[in-house]
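Quick setup: one chain, the form predicted alone, written in structure tokens, and binding and motion questions come after.
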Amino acid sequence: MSEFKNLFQRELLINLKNFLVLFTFSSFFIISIMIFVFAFGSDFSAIDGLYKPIIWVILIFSITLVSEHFIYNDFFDGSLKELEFLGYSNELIIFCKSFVMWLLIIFTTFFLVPIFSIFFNISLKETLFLFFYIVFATPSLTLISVVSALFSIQLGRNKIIQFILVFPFYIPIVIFTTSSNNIQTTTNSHNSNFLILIGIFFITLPLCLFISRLIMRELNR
């Protein structure tokens, strides 16, 4: 627990001090939403049924975009190798980075999603369900994006290839987060989707940590 606490504090302080992650995520999210606003004009009824899919597409691209900030700098300045030399396991390093990244994403979306839900005339009930979906789905998305950032180091930081590699793993999560797009969807249906997303996370967590360990061993040679 002491190792986790030390790594968690390190990652949190670094990412709060440079402020780049929050700024990049918020800017991309807001600009992308405004593009759809200008595209649909004043006819918000046309975007009513597409609001949730639009949010998820923007969220996935935003997470993929900011994931590099948690990996690249530490790799190129030797911090990843130094942390491993100090006795921290690769799995713990990746878990702490993913956990801090998830906290920052949740903190940002907590303010952004309600604002745009009001802007698009989305009910409070649907906004709450959307936020719960984000809470349950983003841990898996975060882990996958961090693994993709590790892959991209070996691929020459090519973001297109990075996204192509991980996109198939996003599909199951997107399916269960957008399947309840109808406002008449029952609470039981939402609860079932929440449980499925939790199950996906418990599958994603060990797989991503295992793959990350293999990649980091290759990178630190």
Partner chain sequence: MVLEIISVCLKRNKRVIFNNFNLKLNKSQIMILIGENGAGKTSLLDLVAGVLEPEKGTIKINNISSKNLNSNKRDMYTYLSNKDALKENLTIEENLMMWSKISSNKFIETESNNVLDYFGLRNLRKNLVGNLSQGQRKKVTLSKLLLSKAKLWLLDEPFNSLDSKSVKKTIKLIYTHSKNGGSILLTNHIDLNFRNSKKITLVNSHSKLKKNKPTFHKWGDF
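Residue numbers count along the first chain shown, from 1. Note that the coordinates shown come from a computational prediction; the quantities given were computed from them, not determined experimentally.
Absent from the display: the form predicted in complex with its partner chain. The rest refers to it.
For the options Ile211, Ile200, Leu22, Ile14, the residue carrying a heavy atom within 4.5 angstroms of its partner chain in the predicted bound form is Ile14. Comment: 76-84 is the region of 76-84, 117-125, 104-112, 132-140 lying near its partner chain in the predicted bound form, near meaning a non-hydrogen atom within 4.5 Å. Taking the partner from the other structure, its partner chain in the predicted bound form has a heavy atom within 4.5 Å of a heavy atom of Tyr88.
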